[in-house]
Ligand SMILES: Cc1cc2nc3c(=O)[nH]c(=O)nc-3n(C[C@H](O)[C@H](O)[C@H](O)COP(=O)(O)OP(=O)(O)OC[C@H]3O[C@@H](n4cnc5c(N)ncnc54)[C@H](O)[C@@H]3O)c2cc1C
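Have a look below at one chain only, the form predicted alone, in structure tokens format.
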Amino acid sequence: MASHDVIVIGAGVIGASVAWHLAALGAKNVLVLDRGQVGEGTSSQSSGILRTHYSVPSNVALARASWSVFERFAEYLADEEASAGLVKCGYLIAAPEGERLAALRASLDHQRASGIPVRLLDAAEAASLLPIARFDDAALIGFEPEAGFADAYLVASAFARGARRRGVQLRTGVEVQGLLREGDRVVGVRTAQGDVHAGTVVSAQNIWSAELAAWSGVPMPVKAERHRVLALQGEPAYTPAMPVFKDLGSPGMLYCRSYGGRQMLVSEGTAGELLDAPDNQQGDVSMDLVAEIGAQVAERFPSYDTAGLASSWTGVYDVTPDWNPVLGPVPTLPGLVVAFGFSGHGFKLSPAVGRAIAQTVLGQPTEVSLAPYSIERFGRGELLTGLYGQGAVS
């Protein structure tokens, strides 16, 4: 029976980050297991937007720490070939008069109080940055210049490659089928290829984290939601120099960014299609939904009234009751540490989360406290629901 100090289940962007940070912090005998390939699951479906704009203070701290990694990714990994695919174009967010205005103002105030460079813009200034959009209804506009978008698959691959170079064993195509236990303590995992012992098991299984409930008998508050993403071809082009945009004035709280150099990537920042079981296969994108999102886009981007649909795809979120992750040890199962339920935030937070989880496993202090993300918060009624309500802004 094989034995390791730490087993990480999942080689998406979170699991790969955890593995790299474990090795970088001194762990010597780490094994990563994934039923598929590195980064091929929900990580590859990410829209890749990077921002520190959150209404939950601990999310701001994690996002800020992560941005500092993305901005100097090759240096951080000590790998000159590593690339995050970062496009530093800034993040623009606007709200009209109404229910979301106070939440935006409070969130921008917190960012600035945290030392994050955020500017308030008028409509003319916003239009100079994103000239294809209209801002005549905006009551408040914030701009975060230290933001943009990147490539989650590239990041997962770079972390995994760096982890291998530091001695981490990574086995793909291996499905974990259960936990090994001695009494209440988790001491390894059961796979189709045999049992593997470990001092600590880290589960970074994303939408498959619900399997932990069946394996352990401990409820895991996570559900899978499918979200639709469109790439629209309009004129003028949405160029990479134009900022990512969050439209709090649209019914779907749309987010959009440049895609492929000229197209607009756009999706709704609200609840998606609840799935009965974890499934990251591509789902249908109906023409009714395309028309619905297209109508919202045309309201903000008038010239896109005649935009064409270039492509569409789906991505799946691992959603918790408060749309924020569960991070850290499971108190009733010593030896098990979890990182799931990112609800669309996983890529943005992956460097800082990977470091904090690795520090937790190794008994080291964390730069950002994981206490707010404890699984016990749900039983205590201490949910991390953001000022915008449930949804991907959080």
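Quick note: we count residues from 1 along the sequence shown, nothing fancier. The shown structure was predicted, so the numbers you read here are calculated from the model rather than taken from an experiment.
Although it is not shown, the form predicted in complex with this ligand is what the next lines describe.
- Note on the interface: of 117 to 125, 302 to 310, 201 to 209, 289 to 297, the segment with non-hydrogen atoms within 4.5 angstroms of this ligand in the predicted complex is 201 to 209.
- A residue is said to contact a partner when one of its heavy atoms sits within 4.5 Å of a partner heavy atom; residue 240 fails this definition for this ligand in the predicted complex, lying far away.
- Not displayed here, this ligand is kept clear of residue 332 by more than 4.5 Å at the level of heavy atoms in the predicted complex.
- Contact annotation for residue 224: none of its heavy atoms lies within 4.5 Å of this ligand in the predicted complex.
- Taking the partner from the other structure, this ligand in the predicted complex has no heavy atom within 4.5 Å of any heavy atom of residue 56.
- Using a 4.5 Å heavy atom cutoff, 33, 36 and 315 all lie near this ligand in the predicted complex.
- Proximity to this ligand in the predicted complex, taken as a non-hydrogen atom within 4.5 angstroms, holds for one residue of 147, 176, 104, 186, which is 176.
- Checked against this ligand in the predicted complex, the residues 352, 49, 338, 361 give one hit for a heavy atom within 4.5 Å, which is 49.
- Residues are counted as partner-facing when one of their heavy atoms sits within 4.5 Å of this ligand in the predicted complex; in 319 to 351 these are 342, 344, 345, 346, 347, 348, in sequence order.
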